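Below are two forms of the same protein chain, given as structure tokens: structure 1, then structure 2.
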Structure 1
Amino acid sequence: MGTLDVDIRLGLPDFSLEVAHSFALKGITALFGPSGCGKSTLLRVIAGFERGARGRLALGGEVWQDARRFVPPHRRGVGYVFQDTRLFPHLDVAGNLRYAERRAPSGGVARSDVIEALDLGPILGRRPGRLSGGERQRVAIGRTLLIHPRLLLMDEPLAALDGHRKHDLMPYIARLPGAFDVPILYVTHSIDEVTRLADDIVALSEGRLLAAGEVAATLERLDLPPVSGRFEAGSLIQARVKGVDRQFMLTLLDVAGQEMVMPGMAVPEGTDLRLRVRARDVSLARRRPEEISIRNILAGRVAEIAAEPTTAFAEVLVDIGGGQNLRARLTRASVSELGLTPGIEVFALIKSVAFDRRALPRRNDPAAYEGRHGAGARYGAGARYGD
């Protein structure tokens, strides 16, 4: 399919959007930023819902919009999942799916595949009023998939759900690109959703592009204001489960050839995990500490330091090997007293309870998302560890 090339400007009475970017159409790309930054507006422009936008928009070389041409929404072949599910209240789940199926092009997605992938079988006979919020959203996603979209646009699909239902629904969303061969642009203001679902991130601020790239690399960049805000700034690290300490109920991890531990969770040995570590939860030492309660001590080298002259703080990027980095937020006084400079060997200290306690297996682990009663359910809302 190639790329989605966007060079768009839209002026509204109290807001302007100006974005030029080439989206690589693979997996899930998160459109991320605070409320009012232009995420949903950009999604509407891509869908063709904003006729006032000016510029050029093309999918894989097929021009959807320029100075001479405007392709209407129904001819762009995109699917749009809204915050509110917009199901027909007078039809049961099966009826809502049949409605979409009748509008689908021939040779599209099989209804049975959608039902199985989204675990809709047990609720086919219910009307929307008898469904939970998560169930309604699964039906809405299924209905959209049945029109066989070339591109799936999701506008904060979890925003109306409580925490438990959000975490229950994420594994279903994570497996959609692979199961249905459809790329997704996913709007959210939740860094948790970004780190658990997205391959790439496009961050907006006040209608402009702030940063774009692979999620882990973008979140750890020190030359940008933290994409996720100072409080949530941090790193993503890849880990592999290497065993379990049953006596003390710990999960043993391998990270870039170094051992880490976290409170025990029901994850099979060999599972790959993607863990988020906040910069404020990382401390640094020049020598390996002894007789200390912190279990995770990773050797590394200082890769980069970005001081904030107008505050007491500095951000330090530590290379822990294997192409992985940790971000640490320290006081500038600590940086000075430790004599930190790029290239210096350090030890990064992370409390075992500091990991994001809803970490999920990576999406490319096939065993991790086998449906509601498989591993994906166990690792979702049921994975509670660390207080």
Structure 2
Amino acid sequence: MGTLDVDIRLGLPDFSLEVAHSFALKGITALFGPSGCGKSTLLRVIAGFERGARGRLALGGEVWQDARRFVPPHRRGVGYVFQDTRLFPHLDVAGNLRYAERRAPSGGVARSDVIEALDLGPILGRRPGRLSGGERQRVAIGRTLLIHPRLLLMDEPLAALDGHRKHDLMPYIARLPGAFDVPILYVTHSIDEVTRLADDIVALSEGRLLAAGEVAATLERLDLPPVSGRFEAGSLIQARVKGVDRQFMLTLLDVAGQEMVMPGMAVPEGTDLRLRVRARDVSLARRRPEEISIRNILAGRVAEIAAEPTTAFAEVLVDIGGGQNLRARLTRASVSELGLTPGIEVFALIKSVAFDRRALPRRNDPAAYEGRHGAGARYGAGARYGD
């Protein structure tokens, strides 16, 4: 597929966007930031909807825009899923799908595959006005897939849905890159969606690039203001289900050779999970505490400390082995009192964990996702587990 090379500027009356980045385009890349940071505008520039943008845009060596050229949107072969779906109200669902299909290059995605993957069969004869929000978004995604896009742009496709429908739709989106061989640029302001869906993250702030890279690595970087905002800042760690404690209804997890527990999740043994741990939910101790209600205590070493001189806080990165890191938010006073310095041994007390249903790696094992989705759904997605 190659890369999407972006080097653009766009000046609007009250806002300017200036982004230079080479998107690797594998799986799902989250374009992340608070509202007003320019992420949706950047998506529109990439699609060719913002004629005022200056600079250069190229996909895999094919130049879409530079000083001399401007390839119009309909010739870019880019799919776009709008937040408000924009289904054609004068056509029924089948008509909307046919609209895309007729304009697609031959040898594209099969209509029947799309209808099956997105469960569109029962609603083919309905008008968009008679669909629920989640159904409309599924039709919009299916319609876009049928043009056989080389790149799929999704602009907050879940933002207009309520919590329950959001979680129903997520697995459909997670499956797309593998099932239809299309990379996705996914705009969102929800860190939850980032950690569940994305492989890579590109974070924007006030029209500028803030950070970019693999999701877990980017979220635990201490040299940046947390891309997810202070409150949600944290790290992603990988775990494998190694057993069940039936008496107490707990699932036992293996994290870098250490044990963690979650309330029983009915997830099969051997399943890989991604856990999200917020920095403010991690405390550190020099000795392993005893007679304490917190069950998840991981041994590790301090890897890095970033003090914030203007606040009472410091962020500490703890290496828990296996190449994994935990991010902890402490007061600077605690750092000083405990005598924390890089290399020193500590115990991380995890007060709360959000588990991510999606396991890694995902693309090699699409079938496994189904089982996990079922399991996760029963317990409510993103369940937080305190001590």
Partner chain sequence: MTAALDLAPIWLTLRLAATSTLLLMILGTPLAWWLAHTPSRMKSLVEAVTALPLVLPPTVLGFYLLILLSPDSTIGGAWISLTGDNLTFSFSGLVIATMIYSLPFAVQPLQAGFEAVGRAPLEAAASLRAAPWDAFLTVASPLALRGYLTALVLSFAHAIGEFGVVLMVGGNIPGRTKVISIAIYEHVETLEYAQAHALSALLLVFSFVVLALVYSINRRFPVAAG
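Numbering for residues begins at 1 and runs along the sequence of structure 1. In this text, rigid core is short for the largest set of C-alphas that superpose within 1.5 Å between two forms. Small disclaimer: the values here were computed from a predicted structure and weren't measured.
- Working note: structure 1 is the copy from the form predicted on its own; the remaining copy is not.
- Once the cores line up, the CA of His90 ends up 2 angstroms or more apart between the two structures.
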